[in-house]
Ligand code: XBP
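One chain follows as structure tokens, the form predicted alone.
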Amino acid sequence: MGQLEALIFDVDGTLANTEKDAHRVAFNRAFADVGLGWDWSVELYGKLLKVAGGKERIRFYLDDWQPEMPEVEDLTAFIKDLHARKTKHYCDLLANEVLPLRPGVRRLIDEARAKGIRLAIATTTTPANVTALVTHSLAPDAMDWFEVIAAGDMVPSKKPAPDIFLYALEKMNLSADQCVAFEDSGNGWLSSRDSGLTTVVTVNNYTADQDFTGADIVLSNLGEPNQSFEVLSGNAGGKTYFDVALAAELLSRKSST
């Protein structure tokens, strides 16, 4: 039976609701930079989120929506430049407007640090985006709190492939039965599941209707002592907010099955 050693967090939609109010806005500003008449609405962006990774999302949009665009000699280079512009807009946006963390995130991270539980990040977003959110929404030195930042193109395949979680586990020299992962999306859940991790899903407006069958627990958010979470699937053991003890309990349940 594994003992809880680490918590591994996804970023977008898990730590904060970055998709609608930050990434989507940054994409639209990047499109405007190069004179594209594209506008990713809240509804459209929800559909595009079925694809993990910003560059991959742009290509998916081009393939499936076939919007008007100029002739380009190298589509891959065009997409790479567009995504780089988007990343800059995202970082600038977070530097000027602090995006609030989701309920319970800061409290759980603080508790884990106090109890010697190791922390890591496993995400499809770029390292620059991780730094922007973590330093501006958690604390200026918060990047140092995470032992491993597994992000972006560090692995061959993005979520739903398990590569990014397996990379984090390898770098921490831990096995899946020593860690609990936190996700918000169907792709993230599949990635975490296939890496063997105990998984906590906290849904948001974009992911509430996705399939999380088999997840260890599905919650509305991590909750606070004065703000109970809603248990959508699984057993919280009578708790009303997520803490390190519940993470250890979920790990123990999985290890005993």
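In this text, all values refer to a predicted model and were calculated from it rather than measured experimentally. Residue numbers here begin at 1 and follow the sequence given.
Below: the form predicted together with xylulose-1,5-bisphosphate, not depicted.
With a 4.5 Å cutoff on heavy atoms, Phe27 counts as touching xylulose-1,5-bisphosphate in the model of the complex.
Proximity of Ala52 to xylulose-1,5-bisphosphate in the model of the complex: non-hydrogen atoms within 4.5 Å are present. Taking non-hydrogen atoms only, His83 approaches xylulose-1,5-bisphosphate to within 4.5 angstroms in the model of the complex. In the model of the complex, none of the heavy atoms of Arg193 sits within 4.5 Å of a heavy atom of xylulose-1,5-bisphosphate.
Put simply, of Trp38, Phe60, Tyr45, Tyr206 only one has a heavy atom within 4.5 Å of xylulose-1,5-bisphosphate in the model of the complex, and it is Tyr45. None of 120-128, 135-143, 74-82, 97-105 except one has non-hydrogen atoms within 4.5 angstroms of xylulose-1,5-bisphosphate in the model of the complex; the exception is 120-128. Taking a 4.5 Å heavy atom cutoff to xylulose-1,5-bisphosphate in the model of the complex, none of the residues in 166-181 make contact.
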